[in-house]
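Listed next as structure tokens is one chain, alone, in the form predicted alone.
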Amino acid sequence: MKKIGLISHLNYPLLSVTVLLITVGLAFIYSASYQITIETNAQINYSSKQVVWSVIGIICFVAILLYGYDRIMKLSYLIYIANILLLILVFVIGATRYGSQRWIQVGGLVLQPSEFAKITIIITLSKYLSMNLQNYRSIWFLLKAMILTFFPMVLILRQPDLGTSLVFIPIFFTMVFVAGTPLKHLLLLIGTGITAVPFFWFFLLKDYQKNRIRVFWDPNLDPAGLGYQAIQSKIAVGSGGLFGKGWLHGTQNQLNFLPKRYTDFIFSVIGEEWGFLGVSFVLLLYFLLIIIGIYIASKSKDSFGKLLACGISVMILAHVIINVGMTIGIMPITGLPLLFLSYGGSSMLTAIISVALLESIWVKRKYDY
């Protein structure tokens, strides 16, 4: 009877939007990797692999829903330490691809600990902030939260993975603001961060990351190199017009002009093949997902759930802004996936786990189990 009650209390709009996003993602991962599979006679079917990751994600979804977000709170610091150890382990045994050392291979599975670090820090910050709300006006309250956030962020930046590390910034500021930190403290921290930009530029950013930022301002500085992706992406999105060229019929996509199109640039494929109306539909789904997340935060029965839902919502929003921004040329190319749509097992698991936590918060507000 408890399981039946649990199902009846689910937030079905949230579930529906999630299923739609995953379905759109699978369709366009197939389209984006269709010619690659044919031309190379590859045994890897990226859309099929993404289905497998989605199924694993569904299993995690059910497990989290049955276990409950409130019980996960008790494990938050252990989860945090485990993720930190994985991030350190990446430097020891991690696989290197495209000049970055981000992945750990376990048998046939390839995991990216930096993806899990995003949801890990949201859970950990939610625990820390909710347990210390009485100290929200203290500068030490803010500094401890900052240390919890920036330790994994720096490890990720050294992999290097600029895109993922950038997501930590809006997560941190949103969550400490929701926790009640005075605005003057946040402005002081922002000012300090701005003065630290030269340090990041000269000591933390790799040369290719600096060049990406330079090329962002003018892709024609290196049109056949670092600027190539940005140029081809804008051509793909712009050529889609109002209605698009049709699924499997995008020329930039199918003729292999667009690199990394089934991962970082999946939005460009959607823009070319579904056009303005198609990307508007996708952005509407993300808008609904974020609004539902904020609504769940407002209805949470405890501060931990409220902070958790806010953190997840801003994480999804940051992914959309950064990924979509880089595909249309208003943000630097950082290699950040579009949650639910881009190919990637760790990214898909992180996205589905996030939705599972939102559902758990929603269910628990009226149905305790």
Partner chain sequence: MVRIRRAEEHFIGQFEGRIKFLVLGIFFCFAFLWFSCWRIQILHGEWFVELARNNRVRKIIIPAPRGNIYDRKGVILADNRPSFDVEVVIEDIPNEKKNSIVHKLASILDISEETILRKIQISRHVPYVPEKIVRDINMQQLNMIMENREYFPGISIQPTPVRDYRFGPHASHVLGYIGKLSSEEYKRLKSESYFMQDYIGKMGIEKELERYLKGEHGGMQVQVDNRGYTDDILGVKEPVPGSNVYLTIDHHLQMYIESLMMDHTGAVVVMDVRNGDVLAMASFPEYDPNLFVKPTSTEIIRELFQSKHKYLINKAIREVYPPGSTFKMLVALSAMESSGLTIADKYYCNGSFVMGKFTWKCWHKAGHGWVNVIEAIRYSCNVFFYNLGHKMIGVHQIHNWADQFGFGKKTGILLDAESAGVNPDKTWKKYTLNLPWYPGDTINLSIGQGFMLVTPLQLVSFMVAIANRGELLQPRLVERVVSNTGEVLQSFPRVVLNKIKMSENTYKVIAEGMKEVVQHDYGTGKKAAVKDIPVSGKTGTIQMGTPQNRIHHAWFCGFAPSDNPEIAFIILVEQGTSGGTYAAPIAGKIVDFYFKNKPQVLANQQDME
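Bear in mind the structure is a predicted one, so any value in this text is a computation, not a measurement. Residue numbers count along the first chain shown, from 1.
What follows is about the form predicted together with its partner chain, which we do not show.
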| query | finding |
| --- | --- |
| Non-hydrogen atom within 4.5 angstroms of its partner chain in the model of the complex for each of L26, N45 and W53 | no |
| 4.5 angstroms heavy atom contact with its partner chain in the model of the complex for L166 | no |
| 4.5 Å heavy atom contact, G68 and its partner chain in the model of the complex | no |
| Any non-hydrogen atom of F172 within 4.5 angstroms of its partner chain in the model of the complex | no |
| Contact flag, F267 vs its partner chain in the model of the complex, heavy atom cut 4.5 Å | yes |
| Proximity to its partner chain in the model of the complex (heavy atom, within 4.5 Å), stretch among 190 to 198, 77 to 85, 106 to 114, 240 to 248 | 240 to 248 |
| Listed residue that, although its partner chain is not shown, lies within 4.5 Å of it in the model of the complex (heavy atoms), from I122, A179, M153, L162 | A179 |
| L205, V215, V279, I72 - the one with a heavy atom within 4.5 Å of its partner chain in the model of the complex | V279 |
| Neighbours of its partner chain in the model of the complex among 107 to 135 [non-hydrogen atom within 4.5 angstroms] | L133, Q134, N135 |
